[in-house]
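First, one chain by itself in structure tokens, the form predicted alone.
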Amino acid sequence: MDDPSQRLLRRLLRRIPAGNLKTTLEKWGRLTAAQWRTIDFTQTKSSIVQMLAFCAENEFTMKHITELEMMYVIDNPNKGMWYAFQLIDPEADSQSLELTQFKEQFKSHLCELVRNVSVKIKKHTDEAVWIRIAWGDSYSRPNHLKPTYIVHHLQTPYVFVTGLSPKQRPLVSQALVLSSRYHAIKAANLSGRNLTAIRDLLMKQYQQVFPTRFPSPLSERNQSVSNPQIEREHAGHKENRLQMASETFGDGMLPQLQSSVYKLETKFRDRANQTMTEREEPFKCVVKFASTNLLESLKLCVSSGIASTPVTPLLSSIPLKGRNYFVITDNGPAPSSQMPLSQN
């Protein structure tokens, strides 16, 4: 086993939590029965030393080590920041694309663009195609310590990427467009550390509630009454808030989106500060909402009355458009006191 393989294996073994190491290696299945029996999983440092020795003894190559890493990343995807993209303008036969065709074409197109690149593609049990790319250039071998991971469901236009630099993005975009039989790709303005959450939000894979004039099913689920007199007095307002919260953000288990960012590029308006108000250039700032589960938090604010109803488009656009990055600009030459805001 060469030095790059040893460095990658050592780093990977340190990343895997001690409690998960045995299960991960079992799933990998590359060690012999005799080697397996001698590993002491109660001592993390000892097990790492033993693993390094066994892998060298078995003459494992980079192919075997990246297989282990890919297996771990697929089972534990929430270790980095994921960015969503959307393929647009499909060709007529894009829906009939098979995995074998996609794999061959993606590798072929990317290798034509980059001389030294290592590509590994694996289909997961949920039908997602996982792609691992280690980048090199004309003068260096692929760097397996800083790979790019891509997740793509072949029958959808959605792509999720982590570990991709601005320099590499055009290369991946071109390879994806050509191999998926689309004509272009664009950023979906959605990102987060929870891959499942941003996938479910973008692909609408969560329980949604649609507008209705008959909210009785919702009222039946919310019949806990602590004070009947107060409940009767406020029943109408409460029912309306609950219905609007569910219609806007969904019901049941919501995708665990962790943040939403609003970039403001608007005129500054404050009668007490004429210096800033009279500036011709727009006032720029960034507002970020963050929570362990942002959609659930916003839904609670609406249903409890903390946030007003109807829900502002700035918040309702998160689940409606499947985005968590917005640019807010002035819209048209209306008077400053009445000038509306638009979302791009």
Partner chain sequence: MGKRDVQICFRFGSGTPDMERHRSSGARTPLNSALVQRRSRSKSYRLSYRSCLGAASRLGLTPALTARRLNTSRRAPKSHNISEKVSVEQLALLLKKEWKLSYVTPLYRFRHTQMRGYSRQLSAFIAAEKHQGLAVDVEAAQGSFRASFSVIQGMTETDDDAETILIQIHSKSSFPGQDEPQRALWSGWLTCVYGNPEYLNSLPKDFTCLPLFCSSGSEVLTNAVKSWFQLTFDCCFGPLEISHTSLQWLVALWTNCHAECNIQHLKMIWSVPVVPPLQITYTVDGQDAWELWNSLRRDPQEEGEGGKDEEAGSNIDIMEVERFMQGLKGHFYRHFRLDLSAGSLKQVSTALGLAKCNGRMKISNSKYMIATLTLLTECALLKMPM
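Because the structure is predicted, anything quoted here is derived from the model rather than measured. We call the rigid core whatever largest set of C-alpha positions still superposes within 1.5 Å between the two forms. Residue numbers count along the first chain shown, from 1.
Below, we refer to the form predicted together with its partner chain, which is not included among the displayed structures.
Contact here is defined as any heavy atom lying within 4.5 Å of its partner chain in the predicted bound form, and by that definition not a single one of Ile150, Tyr182 and Leu195 is a contact residue.
Its partner chain in the predicted bound form comes within 4.5 Å of a heavy atom belonging to Glu296. Mapping the unseen interface onto this chain, Phe268 counts among the residues with a heavy atom inside 4.5 Å of its partner chain in the predicted bound form. Not displayed here, its partner chain is kept clear of Arg37 by more than 4.5 Å at the level of heavy atoms in the predicted bound form. In the predicted bound form, its partner chain lies within 4.5 Å of some heavy atom of Thr309. Here is the short version: of Cys301, Met51, Leu68, Met62, the single residue with a heavy atom within 4.5 Å of its partner chain in the predicted bound form is Cys301. Heavy atoms within 4.5 Å of its partner chain in the predicted bound form are found in one stretch of 54-62, 24-32, 284-292, 39-47, which is 284-292. For the stretch 245-278, the set of residues having any non-hydrogen atom within 4.5 angstroms of its partner chain in the predicted bound form comprises Tyr262, Leu264, Thr266, Lys267, Phe268, Arg269, Asn273, Thr275, Met276, in sequence order. Once the rigid core is used as the reference frame, the Cα position of Glu265 differs between this form and the one not shown by 2 Å or more.
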